[in-house]
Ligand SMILES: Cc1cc2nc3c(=O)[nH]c(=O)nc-3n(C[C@H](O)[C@H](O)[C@H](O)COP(=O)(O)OP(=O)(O)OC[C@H]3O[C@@H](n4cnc5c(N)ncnc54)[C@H](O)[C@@H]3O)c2cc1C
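Given next, in structure tokens, is a single chain: the form predicted on its own.
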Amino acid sequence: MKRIIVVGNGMVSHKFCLKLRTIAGSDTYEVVIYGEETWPAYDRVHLSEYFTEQSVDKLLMAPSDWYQDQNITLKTGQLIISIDPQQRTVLTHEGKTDHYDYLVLATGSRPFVPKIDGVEKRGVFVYRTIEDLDQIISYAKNIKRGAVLGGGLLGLEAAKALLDLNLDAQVIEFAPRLMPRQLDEAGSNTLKSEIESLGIEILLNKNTSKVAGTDQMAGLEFADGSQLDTEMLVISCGIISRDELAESAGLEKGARGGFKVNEYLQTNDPNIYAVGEAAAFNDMIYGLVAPGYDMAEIAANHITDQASKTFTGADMSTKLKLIGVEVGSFGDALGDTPGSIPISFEDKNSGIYKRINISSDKKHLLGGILVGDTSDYGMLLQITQNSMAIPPNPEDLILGTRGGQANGNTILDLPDTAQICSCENVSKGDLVDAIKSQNITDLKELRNCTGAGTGCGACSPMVGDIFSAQLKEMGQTVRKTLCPHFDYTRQELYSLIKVKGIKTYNELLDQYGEGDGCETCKPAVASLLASIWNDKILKQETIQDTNDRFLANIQKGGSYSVVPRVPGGEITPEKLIAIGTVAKKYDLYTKITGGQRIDMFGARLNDLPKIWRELIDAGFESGHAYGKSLRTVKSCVGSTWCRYGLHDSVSYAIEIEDRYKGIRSPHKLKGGVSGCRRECAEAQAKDFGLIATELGYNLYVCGNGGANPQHAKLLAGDIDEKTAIKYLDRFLMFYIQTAEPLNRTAVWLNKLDGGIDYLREVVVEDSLGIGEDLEKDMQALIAAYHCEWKEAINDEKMMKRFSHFANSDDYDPTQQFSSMREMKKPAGWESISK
């Protein structure tokens, strides 16, 4: 039996062992792993999750008994200090030698620590291992401020970790922009804006010259003479390949370090391989996990004499979610190709930036950048990698088609060779073949069968799209499940929660899910629970998104907005004075919204309960501007004041808004009531709208404004107010029960087989016989209404969450404001807001 020693116990090492056992079983090769750390291999890609869960077990690539089951000897806490290629032995730090037939160096990398005066002081950490994180967590318990040196991928992840530890966080970047290898200036500005809105300060163009303090750090000094008051520094300035074994073994190194390897991942000693961040191929070191997995598979195939492809390099495209902000960068992201033509779209209001670079002949996509919305990433990457033809109007690739014409590039247009999952090297053809040959009708089964989507997970949306498109082409019904943790559609989960009487996320996960959940399923289930039971959302605050967690919309600079409900846009002078008094007392910026109410900006987290107590005492309720729920029902002045008004639109709008306030839905809801066909309330641009006629009201549904405006469609004409409300009850409840997560009514209707005609059959004609049930369900929600802020300020335990620091009532000192037209605005945003 041949003996393989693997030095290093990270993700790539684990993948090598997995591939080796898959190819050759456990009878031909004896495998011994030497790892420096005391843990089995764990997932470094999701290392930041350790700050919230603090569980190593949840990060493990496989449990300890997996190694025993695979007949693999795992030796942890063992450092290999030298290699003797002639004797084919390795030497441990304990002086023990071990023999190999093949040696696989998966030693990974170590953090690069720049030469800064004082960098050795207490309070300075790197961000690489579980031990590093434990030290950071322990140190953070006694401080309030922490900074991260490095604005790359890992640095921003580290900043999120500091935020999770309730620290004031700053990111310091030497370059003039964040993620300088992946983003251009505009993309960096958008990302910076979004991250700073969460309360993380970004300092660019900063050359750190000194860590101040004596034995313990007390701040940072920069080459431009400025200083930063911070108590901890986490260094994340890149990696250095762990190649220190090279010299004693006579192994060649790449120009930038790393064990020099050929296309089979062999070093200059044919019995010694190197993979992952330890390997240098063509003087390039790949710091992403997908190339490492590719190397692991190629090395395993070559050692076992299996026919295999060769390693030719790797695409460094990446998509991830940084502190809740989606970021994608692919191909020639910065447009370095001579003659390339950039096309960009920027929406500062929504925090979205998209850029694509097309070839000089306008036939091919070269690469691009996505910030804030990466939903098109998978398809754009495939179009780039497979040199697919782009549409005549290439801007359609990022703006979507206008006029209903498809751009010609669908998921099934991809060539079979298109690599969908780079971690597991799964192509589109592999997925389609598996679906066809094994008659797979379940997405989870497809993932298990092919391995696609089980690595970093970036390809999961595209795997799901191929699965759905292929089944549709085969004439089969497609189930769109919520996420990998719930093999159920949103509609199925709605039924399970309701029928089984499930009241919490953990109950649902225990009974019908698997794993620990994710950022997709947690808020989606939170929305479902709220839509069914209308219970207090703060009882399960950990599954809510940031806005719901604090019952307010977070704004630039980390402050919050306060929006009391003003039903129908009608407000008394006394309430106007009350809002003015509160705004003046707490120094809030005030603005009339498009939904006919008053938004107060610039509230500090600690002040939110005090502000709301005063507003509630003045007769206000929560406006739910932070939630996926009814926002406003806009109205014109109607027949009471207007010469053209046919009906009292204000009174009717107030009745409707009070009826549906607080009801949670898959997305936000807006309504409108116009007193005549002049449509001053813009009711046809709302999710539901009523327009007065001589005989009653016309009821319109499924309209919206925003990036893709769509006029509402007529559901019923010339109906009385009572009938209109009955239809609205049914329409809204049917939408709540059947829409996919985060689908507004317009999108939902566009996906509904039969469109508005089918919806009319269900709601007006009651073709399914569920009309009364829908009305009863709606009535139950209405009866369960409660003002979330009223409940919150009367619950002392809940109120403790509204504090910026866990151990102090101090305000966030990083929040700064400047004056603007006799009010205030977030300071330091001038370059972005212009």
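None of these values were measured; they are calculated from a predicted model. Heads up: residue numbers just count along the shown sequence, starting at 1.
Separately, the form predicted in complex with the ligand exists; it is not shown, and the next lines address it.
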{"property": "4.5 Å heavy atom contact, residue 556 to the ligand in the predicted complex", "result": "no"}
{"property": "Distance check, residue 522 to the ligand in the predicted complex, heavy atom within 4.5 Å", "result": "no"}
{"property": "Interface membership of residue 741, the ligand in the predicted complex, 4.5 Å heavy atom rule", "result": "no"}
{"property": "Close approach of residue 714 to the ligand in the predicted complex, 4.5 Å, heavy atom", "result": "no"}
{"property": "Location of the ligand contact in the predicted complex, chosen stretch of 123-131, 260-268, 596-604, 190-198 [non-hydrogen atom, 4.5 Å]", "result": "123-131"}
{"property": "Contact residue in the predicted complex, from 325, 702, 245, 167 (heavy atom within 4.5 Å of the ligand)", "result": "245"}
{"property": "Position in contact with the ligand when the complex is considered in the predicted complex, options 632, 329, 745, 107, heavy atoms within 4.5 Å", "result": "107"}
{"property": "Sequence-ordered residues of 157-179 touching the ligand in the predicted complex, heavy atom within 4.5 Å", "result": "157"}
